[in-house]
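As a starting point, one isolated chain is supplied in structure tokens, in the form predicted alone.
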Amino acid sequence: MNLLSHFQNINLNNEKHLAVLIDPDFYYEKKLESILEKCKNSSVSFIFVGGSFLSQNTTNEIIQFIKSKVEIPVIIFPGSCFQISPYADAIFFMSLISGRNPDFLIGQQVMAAPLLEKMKIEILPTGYMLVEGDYLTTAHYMSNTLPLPKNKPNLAYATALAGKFLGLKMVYLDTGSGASNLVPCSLIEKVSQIPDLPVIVGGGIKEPMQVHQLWKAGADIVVIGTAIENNPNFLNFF
């Protein structure tokens, strides 16, 4: 499957999809197997693997385990150039376009590019946009950047549009793993007005109704992470 084309068709056809984010630091084999079983029996379209901070590099092992259990596409959601693996189907080749830290705009990408060139996984050029939350998350801290103000949808729009003009193929709006609040619907509504730019949204989701709220605002794909770590039955609603 060409995943970039799949994302573009989702956006073009106004489809709504669900993704699960697996942070390797928070999963042991039995718990992960239980989550994957629920993914198979629900409408999960994608599994993302990665995190802002990994205390141990188990990316290869986690992805191989996932691939042995489900046929759902696995995409790396890298927090650094060390979180890459040849066993995934694709990787979000992300530039943190909401910040001004050159290491996450281009530095980590330069280090990862020669390694990815040797791997047979699909590259998904993605603009990553951190949005202001109620408190500092790991993503904010590790990226050493200011997030986008949550009450400035026009700034979010301009940032996403600049990413598109630079050649990025999709945008990922995020308040960070474990955030207490969602990406504001006003930001999603504004960014989703940009044609031919799939919008992925994650962070702060605690209730199933919030997924539908984000879809309605214009998200093409909504990402569930911490909510499933805390309550695997969350997926029973989808």
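The model shown is predicted, which means the values in this text are computed figures rather than measured ones. Sequential numbering from 1, following the sequence displayed.
Just so you know, the form predicted together with a small molecule exists too; it's not on screen, but the next bit is about it.
Of the residues I62, A179, M170, I35, which one places a heavy atom within 4.5 Å of the small molecule in the predicted bound form?
That would be A179.
With the small molecule left out here, work out from 35-43, 200-208, 64-72, 185-193 which stretch has heavy atoms within 4.5 Å of it in the predicted bound form.
Selected stretch: 200-208.
Does the small molecule come within 4.5 Å of any heavy atom of F104 in the predicted bound form?
No, F104 stays farther than 4.5 Å from the small molecule in the predicted bound form.
Answer for T226 alone: is it within 4.5 Å of the small molecule in the predicted bound form, judged on heavy atom distances?
Answer yes; at least one heavy atom of T226 falls within 4.5 Å of the small molecule in the predicted bound form.
Does at least one non-hydrogen atom of L21 fall within 4.5 angstroms of the small molecule in the predicted bound form?
Output for L21 is yes: heavy atoms within 4.5 Å of the small molecule.
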